[in-house]
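Heads up, the chain below is alone and in the form predicted on its own; it's given as structure tokens.
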């Protein structure tokens, strides 16, 4: 299938010689050829480029993520960061002071099902990723809506030089934060706008491989606002 200089590639398909692979985790070598391991897009430029459409999030120190508290231990929380690796948030880091399990109960501060915005401090695949919330703008998320997309589609939601994200914010008036692990925090003064943002993000995820998408999504948002009577 061709999409104006782009072609969908299926798992097991051989890629052309000299292909540029942005993430080698999603290809493998067979019989001297580079083969796609996941569905992706082959950008047929002077030098072909393979971009995977299905990925997993692998944490890196410095990443800002949105995590979901999955369990509460004695001295820490375990946090789902939309990755095969479960992260750890220590009580002392969250509270900003020494923690005494005989006096404090962690469920008073974060419970299973709560979301946190956090930074990955360390990760080496031998131990769980370690999180911190000891920076401005990080901590428990107490309002708004959390959306989830394929990590591979994060760049498309942001757009080139932030164009798609800027458009979403302008057309909806919402505060939108896109985390690298495929979770998005949406906070709107008009709560009726939140499902419209969710629908727009879903459209971006499903049509990430198409061209002219920013204007298509802009039109879709305005149609939804008109139909639903949202200003």
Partner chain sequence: MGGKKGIKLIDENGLRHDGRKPDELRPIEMKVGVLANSDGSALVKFGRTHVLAAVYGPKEPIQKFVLLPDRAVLRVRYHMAPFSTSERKSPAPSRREIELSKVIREALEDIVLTNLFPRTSIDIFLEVLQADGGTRTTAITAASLALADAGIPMKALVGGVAVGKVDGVLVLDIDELEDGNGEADMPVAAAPDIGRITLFQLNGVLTREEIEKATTMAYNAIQKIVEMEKEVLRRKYLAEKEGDEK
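Please read all numbers here as calculations on a predicted model, not as lab measurements. Numbering follows the first chain given and starts at 1. Superpose the two forms; the largest set of C-alphas matching within 1.5 Å is the rigid core.
One more form of this protein should be noted, the form predicted in complex with the partner chain, which is absent from this view; the next part is about it.
The partner is not drawn, yet in the model of the complex one stretch among 51 to 59, 192 to 200, 172 to 180, 159 to 167 has residues with heavy atoms inside 4.5 Å of the partner chain: 51 to 59. Contact annotation for the candidate site: 8, 36 and 209 all lie close to the partner chain in the model of the complex (heavy atom within 4.5 Å). The closest non-hydrogen atom of residue 109 lies beyond 4.5 Å of the partner chain in the model of the complex. Taking the partner from elsewhere, residue 86 is found to have a heavy atom lying within 4.5 Å of the partner chain in the model of the complex. With a 4.5 Å cutoff on heavy atoms, residue 25 counts as touching the partner chain in the model of the complex. Using a 4.5 angstroms threshold between heavy atoms, residue 12 counts as touching the partner chain in the model of the complex.
Residues are counted as partner-facing when one of their heavy atoms sits within 4.5 Å of the partner chain in the model of the complex; in 123 to 147 these are 125, 126, 127, 128, in sequence order. After superposition on the rigid core, the Cα of residue 14 moves by 2 Å or more between this form and the one not shown.
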